[in-house]
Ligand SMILES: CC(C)(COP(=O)(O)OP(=O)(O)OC[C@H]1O[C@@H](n2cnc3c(N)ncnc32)[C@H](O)[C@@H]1OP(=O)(O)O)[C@@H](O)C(=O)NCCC(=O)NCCS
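Next up is one chain by itself, shown in structure tokens, the form predicted on its own.
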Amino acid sequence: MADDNQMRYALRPMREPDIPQVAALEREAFPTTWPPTSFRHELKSSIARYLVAWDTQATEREVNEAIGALTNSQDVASLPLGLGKVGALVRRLFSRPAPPQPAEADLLVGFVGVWFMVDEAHITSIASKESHRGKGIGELLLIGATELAHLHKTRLVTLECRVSNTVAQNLYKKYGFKIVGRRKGYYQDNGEDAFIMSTDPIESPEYQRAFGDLRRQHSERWGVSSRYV
């Protein structure tokens, strides 16, 4: 259980200064991905949206240590130093308040990418920082991606998942994803197949009721989260 009624981690749209930390998160979570994602290109794409999870209670020292650990000096040079006093503000679902715009950097602990194609929201990647796993962040990112799909009025949410990754599959199934297909040899590192997973229509009353219950359970366990999607 969370110590109080507010979750330590929050979601907001990804910004260009976030790229070094997001790239590091991708390398940690998906070390065999090649070529690495061009996040600058993704941020300019008309079909892509990215959300990042950040630690609202991180100290300036923790942020600077995270920045100092990055190895890409070109990206580090583009990242502002220091940490603003960013607090998590409880938002009402779909009310869309303006996200905070601190001049300084946040300590990022996860990200999710979504492509919008016709009536489908396709989750391209979702990852949380290894040192912060088991804190409800991955589930928070999935909630944010689904809310984003709702805001874009898409019909379905889809993704691919390694056939061996039963932990991720169980989370996705919890949120109404079903296995609807299989991509042979999808992962280039070892030729592993991928399951194609999809929700039922997310605007249906049945899905909305189930999704509302899951959001409530997440808040009860981890605290109410701020989500600027």
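For every residue, the number given is its place in the sequence shown, counted from 1. Computed from a predicted structure; not experimentally measured.
Although it is not shown, the form predicted together with this ligand is what the next lines describe.
Mapping the unseen interface onto this chain, I137 counts among the residues with a heavy atom inside 4.5 Å of this ligand in the model of the complex. Looking at N165, you'd find a heavy atom of it within 4.5 angstroms of this ligand in the model of the complex. Using a 4.5 Å cutoff between non-hydrogen atoms, Y172 counts as a contact of this ligand in the model of the complex. Contact annotation: R209 falls outside 4.5 Å of this ligand in the model of the complex, judged by heavy atom distances.
When contacts are defined as a non-hydrogen atom within 4.5 Å, all of A29, R133 and R221 contact this ligand in the model of the complex. Taking a 4.5 Å heavy atom cutoff to this ligand in the model of the complex, the contact residue among C161, A66, I202, L43 is C161. With the partner left out here, this ligand still marks one of 29-37, 57-65, 177-185, 44-52 in the model of the complex; by a 4.5 Å heavy atom cut-off that stretch is 29-37. Applying a 4.5 Å heavy atom cutoff to this ligand in the model of the complex picks out no residue from 37-62.
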